[in-house]
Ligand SMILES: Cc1cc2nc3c(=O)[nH]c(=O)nc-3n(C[C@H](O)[C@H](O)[C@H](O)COP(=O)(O)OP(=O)(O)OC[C@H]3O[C@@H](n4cnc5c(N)ncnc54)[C@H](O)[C@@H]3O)c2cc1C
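Take a look at this one chain, the form predicted alone, written out in structure tokens.
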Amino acid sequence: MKTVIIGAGLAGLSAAYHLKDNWVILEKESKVGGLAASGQSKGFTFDKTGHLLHMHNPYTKGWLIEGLLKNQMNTHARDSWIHSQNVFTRYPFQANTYGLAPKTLTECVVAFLKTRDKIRKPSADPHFHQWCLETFGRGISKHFMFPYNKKLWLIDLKKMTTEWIRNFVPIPSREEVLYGALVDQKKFFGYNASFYYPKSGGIQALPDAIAGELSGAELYLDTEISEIRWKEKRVVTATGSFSYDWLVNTSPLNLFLGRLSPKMPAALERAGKKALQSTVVYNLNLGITNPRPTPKHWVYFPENKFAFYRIGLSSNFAPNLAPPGTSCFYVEFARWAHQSFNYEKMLNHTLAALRHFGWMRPEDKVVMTHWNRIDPAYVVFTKERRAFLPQAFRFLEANNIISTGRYGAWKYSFMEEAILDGKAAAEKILKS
């Protein structure tokens, strides 16, 4: 039984690895990795935004951390922060208001406690705006949840559903919120409390390691898909075509569906155009001559006076990502695809901010800049998306197509989940 896999990102590579043989991968880029690939410039290694490996599943931890990548990974306890009202507070905001102005701190804590004291059943299907108010109260919502998520997702939060929050929004207890208002607590919350990162090579080391284990089939790089003739079970590229028994798609679902020939049923096609919304992220990789600007790993910026929503210091994950005497940042900006983006203006805005924070000294110089435009970046969660996806996946699977991974399944997820998605797709095929 032959399987064609579209995309050599983590989900696609994992699917091939678990199928063992009789597969073909078609990848449009010149190397494996997809969004989890790394680049180089002027002695710096950088990823396509921050890519940190969080391992929770015993299988992936055993296979990758204790096996394939043994002794090749650094382990870090997360050092992440939020900058607002001219101060840095620890992540997550809702459990770490210590250091904020007394008025703000009181607003956050009192509203949270009043919300928790209300004896009523939570809304069955709240939009994200409502969920924040019911979960955290008006203070925390006003000072972080609303401004940060509006900046990241670029959508009216009253139109956004909450399926995505599961592991991504920690919910502290009353005691934890009170304690985090009184002292600088260092308790770790959330799925990303610790992480692994390769000692060398950037996150590219992960897909390279998986690809190095593949055998018995074919990997085609620099191969762009032009058409999916699903009734014939054939994928068409510029250089030829590939027949299949099963097709695994890990490319962005909106692009994949656009290549179907013939198209999906008309009603499903129309629904998909409304349902598949996503943002674009412009990621600035920046190398400077300050070797140790800050020990922080990354910082969130909810306020609109900063155009970026997050800055991370990748050379704090692995020092050899930057040449001696230098350091490397990644800076993330969210936009809609139709919006313009002024690269020079945003670079100057970033440099001014780094100087303001003291992360660039007066004598420091910029030695490397590199931009990535990531499209799609964040999938937008709406009721239209929720209604459309089950119908689309039923149609695809009825025609021996599995669409999986972060963008193939059109969801918000992390690297371990993409790897497990690929494994699940392979297992479904092997059982068919």
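Residue indices: 1-based, along the sequence shown. Keep in mind the model is a prediction, meaning the values are calculated, not measured.
Beyond what is shown, the protein has a form predicted in complex with the named molecule; the following relates to that form.
Taking the partner from the other structure, the named molecule in the predicted bound form has a heavy atom within 4.5 Å of a heavy atom of residue 407.
Using a 4.5 Å cutoff between non-hydrogen atoms, residue 208 does not count as a contact of the named molecule in the predicted bound form. Among heavy atoms of residue 29, some come within 4.5 Å of the named molecule in the predicted bound form. Although the partner is absent from this view, residue 170 stays clear of the named molecule in the predicted bound form, with no non-hydrogen atom inside 4.5 angstroms.
Proximity of 78, 293 and 327 to the named molecule in the predicted bound form is absent: no residue of the three has a non-hydrogen atom within 4.5 angstroms. Here is the short version: of 251, 141, 285, 96, the single residue with a heavy atom within 4.5 Å of the named molecule in the predicted bound form is 251. 259 is the sole member of 151, 127, 233, 259 with a non-hydrogen atom lying within 4.5 angstroms of the named molecule in the predicted bound form. Partner proximity in the predicted bound form, defined as non-hydrogen atoms within 4.5 angstroms of the named molecule, places exactly one of 375-383, 392-400, 38-46, 57-65 at the interface: 375-383. Contact annotation for 8-40: residues with any non-hydrogen atom within 4.5 angstroms of the named molecule in the predicted bound form are 8, 9, 10, 11, 12, 26, 27, 28, 29, 33, 34, 35, 36, listed in sequence order.
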